[in-house]
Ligand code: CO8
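Take a look at this one chain, the form predicted on its own, written out in structure tokens.
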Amino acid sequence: MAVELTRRDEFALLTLNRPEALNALNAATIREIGEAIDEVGQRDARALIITGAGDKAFCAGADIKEMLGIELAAKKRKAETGQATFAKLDRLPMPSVALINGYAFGGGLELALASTFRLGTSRLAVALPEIKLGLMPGYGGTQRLPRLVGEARALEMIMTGRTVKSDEALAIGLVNRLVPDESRVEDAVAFAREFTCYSLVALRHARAAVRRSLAVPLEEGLRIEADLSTLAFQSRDAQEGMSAFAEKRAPNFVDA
């Protein structure tokens, strides 16, 4: 299997498992990623952590050899399949954390960009190098990267194909934090616990409010926020949280 789905305490751990190919994305791997995300959505995990097997790469991007000779219609279907697969992370009932351990090029970076958060090790090296092949990103990179780091920085990365290392990635907000390589999974778990201790209902509404606001004017975004904050207020967890605050005790959230 190109993808391994395991459990790490209260979290699901998805590992891209083609270390001999730097965890590159071929059609089978994309399909297995989609199936794994669907499976996680049916489980009781509090977050999904995504990483790559081996010591060199999170994911080296698309399998270029597989792309040679395919017709235009097939290429478009391939791009749409990759986009749809990564977009499943938006619909997960729990947040996701991409743990970038080494190279994340092309589709590998696009998978990380689709995650809720990104952590990197000191060996992180990320790029959208498609321009060097006479191509451009096709799995969401041109849409998600500008939203994350701004238009100018995104255009520079996309139009030069240059590689960004760990310190710069942190400085421009491409990753949330850097973690030691030797304890990366443990640190990803600790990072996830900083927010998964709260109600998944409230977290889901907050994620949706931010995500939806990026596509609409501020006035419409404020209406979305009002609607979703009202839905959050109606949850059992909201009542428990407010009661616990008034009673000066820790809340017992049940994700409902």
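Counting begins at 1, following the sequence as shown. Source: prediction; values computed, not measured.
Omitted from view is the form predicted in complex with octanoyl-coenzyme A (CO8), to which the following refers.
For octanoyl-coenzyme A (CO8) in the model of the complex, the listed stretch (181-189, 143-151, 103-111, 164-172) containing residues with heavy atoms inside 4.5 Å is 103-111. Contact with octanoyl-coenzyme A (CO8) in the model of the complex holds for all three of E20, A62 and M67, each having a heavy atom within 4.5 Å. Contact annotation: of the candidates R31, R211, K56, R43, the single residue with a non-hydrogen atom within 4.5 angstroms of octanoyl-coenzyme A (CO8) in the model of the complex is K56. Proximity of K75 to octanoyl-coenzyme A (CO8) in the model of the complex falls within the 4.5 Å heavy atom cutoff. In the model of the complex, octanoyl-coenzyme A (CO8) sits beyond 4.5 Å of every heavy atom of A87. By the criterion of a heavy atom within 4.5 Å, P129 is counted among the residues contacting octanoyl-coenzyme A (CO8) in the model of the complex. The shortest heavy atom separation between L133 and octanoyl-coenzyme A (CO8) in the model of the complex is within 4.5 Å.
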